[in-house]
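Take a look at this single chain in structure tokens; it is the form predicted alone.
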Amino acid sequence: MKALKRFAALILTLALCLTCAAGMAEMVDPDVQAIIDRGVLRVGVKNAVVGFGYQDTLTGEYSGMEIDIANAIAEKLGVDVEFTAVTAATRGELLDSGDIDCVLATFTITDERKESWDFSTPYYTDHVSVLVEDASGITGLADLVGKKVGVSSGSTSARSLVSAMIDAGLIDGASFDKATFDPALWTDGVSFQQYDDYPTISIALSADEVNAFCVDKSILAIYHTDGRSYISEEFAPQDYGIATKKGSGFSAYCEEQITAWLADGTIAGFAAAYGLN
């Protein structure tokens, strides 16, 4: 009889443990739960970067590696997804204001940016390059001395280019400070004109308002048309990660998904689908 009672007590204890474990498994971070309750994941993406985030002007449909990642996260959460087109100048503001839950928009991870936002493990690594008109005769970094280069407002491209030119011995660099660098004020060896979006820089290049267009090579690809070429050098590796609000519980969720998808080949599959491998 005593043995039977002990066995029953053991069964009851195991049942309670399983119940507690199930309850723990069902616990969801409040920030993640808020997205689930809303039923929509709001994502900031690019709309003019083929292979990463591109919106068809006729159908309005988005496509690209980052779009696929966003869709996969939404599917995992069991919610719909809503895309908001962002630029280098607006993506941080929209994230800070809560208008979007995360940014998947060729957002380069830097120590400076990590002070303002959380970033996932990188899902893609690109490099900065420079696009020029063939008629300009510019073929390398040395030819950019004394030239004006178009860059996107809020990007790190100008700083990367100056750093590369200093490393190549083309610029003295005595006044270069990575922490305080401002493209609008830089005139040592090369100067910059900032624009709100990439299509405008491309137009400025065609109109000879600038002599070159500098940004990540994956972004330049759509503007690499007949009569234009990349310079010979690539520099400044750019790690792209999912940006989320600093301290958000959703940050850990995104990190978990990206880490798992890097390990099982899902991310590589997304990249391969758009010829990014």
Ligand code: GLU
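Quantities reported herein were computed from a predicted structural model and do not represent experimental measurements. From 1 onward, residues are counted along the sequence shown.
Unshown form predicted together with the named molecule; subsequent notes refer to it.
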*Indicate whether the named molecule has at least one heavy atom within 4.5 Å of a heavy atom of residue 88 in the predicted bound form.*
yes
*Report whether the minimum heavy atom distance between residue 120 and the named molecule in the predicted bound form is within 4.5 Å.*
no
*Can residue 215 be called a contact residue for the named molecule in the predicted bound form at 4.5 Å between heavy atoms?*
yes
*Is residue 113 a contact residue for the named molecule in the predicted bound form, using a 4.5 Å heavy atom cut-off?*
yes
_Exactly one residue in 92, 189, 154, 173 has a non-hydrogen atom within 4.5 Å of the named molecule in the predicted bound form; which is it?_
154
*Among 195, 107, 124, 83, which has any heavy atom within 4.5 Å of the named molecule in the predicted bound form?*
107
*Picking from 178 to 186, 98 to 106, 202 to 210, 136 to 144, which part of the chain touches the named molecule in the predicted bound form when contact means heavy atoms within 4.5 Å?*
98 to 106
*Taking the named molecule in the predicted bound form, which residues along 123 to 149 bring a heavy atom to within 4.5 Å of it?*
none
